[in-house]
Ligand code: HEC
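As structure tokens, one chain now follows by itself in the form predicted alone.
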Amino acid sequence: MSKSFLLGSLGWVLAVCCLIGGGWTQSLQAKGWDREPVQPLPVCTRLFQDKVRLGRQLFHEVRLSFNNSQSCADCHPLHRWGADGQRHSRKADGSQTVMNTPTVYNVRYYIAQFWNGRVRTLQDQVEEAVRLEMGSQWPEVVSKLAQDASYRQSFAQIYSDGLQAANVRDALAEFMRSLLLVNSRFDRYLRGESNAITPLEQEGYRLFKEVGCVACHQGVNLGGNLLQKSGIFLRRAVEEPVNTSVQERVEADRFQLTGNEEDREVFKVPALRLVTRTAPYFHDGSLPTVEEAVGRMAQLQLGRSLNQADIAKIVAFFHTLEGSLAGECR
């Protein structure tokens, strides 16, 4: 079995254990939530709010890019559910990304960052994005930000060593942790509001489990917590990149990182919390509708052929997963 798969499975177990720990355990067991493959998201977050505010400013800061043309929000517009809706995003130098851009919401629950899981922390994700997508070097970024008195003051107030590259990454990571969409209708249903979702949506959830989608899409984020081969039952035809630059190899499947044959076509399983809002689908953005994605995944990953009625039920369930921005725990 793939080491990547084992790593992902362990991550899922740990994530679920952490989320049902503490004060949640007793109530979960009482209501039977601990027996469900999907768990409700926590309704609030405990974060350093000064860092969150600074990170939000940096998230929209074009000076992170080498030519002052692009910010994180260009590929992850928050008003568009954290993704740009393009098959491939535009980088600061005008070229396109190899992979489709996923949503930045609920990213704190990913087992690793990027489609091939090449970094584990949000700080490292920022490091990679600034270097690859924005074409910048950190001394250059820090120098540009240091010319702004408001940034110098904000960093000095929050960090003992002031404006440093590591602190820029830290503030951005803290902001991304705050991007948590919670208290969806489905979360309320799991917590005992039986009328929060319709009978059709309940049937969609039943099918989602019965068909086997939960083998990969489970936990609080319905995915993002393990790495899996794309095409277990049927190899999917994919567009191969025209050139094979170092950057494209870095951004491709997990095999490019490990060199292990078992890691060919292995990617991080996408989270489904905002799946109806973040077309196109798959790591290469090759399918335009969620209905097509459900049907294709059933064939590729589960060896199942779903009729349109069943696909519609599962998609109806997906529409219950959207939440609203989490508040601060008091």
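Note that residue numbering follows the sequence shown and begins at 1. This structure is a prediction, so every number in the text was calculated from the model and none was measured.
Below, we refer to the form predicted together with the ligand, which is not included among the displayed structures.
The closest heavy atom approach of residue 212 to the ligand in the predicted bound form falls within 4.5 Å. Though the partner is left out of this view, residue 220 does not reach within 4.5 Å of the ligand in the predicted bound form, counting heavy atoms only. Among residues of the shown chain, residue 258 is not one whose heavy atoms approach the ligand to within 4.5 Å in the predicted bound form. Proximity of residue 275 to the ligand in the predicted bound form: non-hydrogen atoms within 4.5 Å are present. Considering the ligand in the predicted bound form, the lone stretch of 84-92, 153-161, 181-189, 140-148 in range is 84-92 [heavy atom distance within 4.5 Å]. Using a 4.5 angstroms heavy atom cutoff to the ligand in the predicted bound form, all of 134, 228 and 302 count as contacting. Contact annotation for 59-76: residues with any non-hydrogen atom within 4.5 angstroms of the ligand in the predicted bound form are 59, 64, 70, 71, 72, 75, 76, listed in sequence order.
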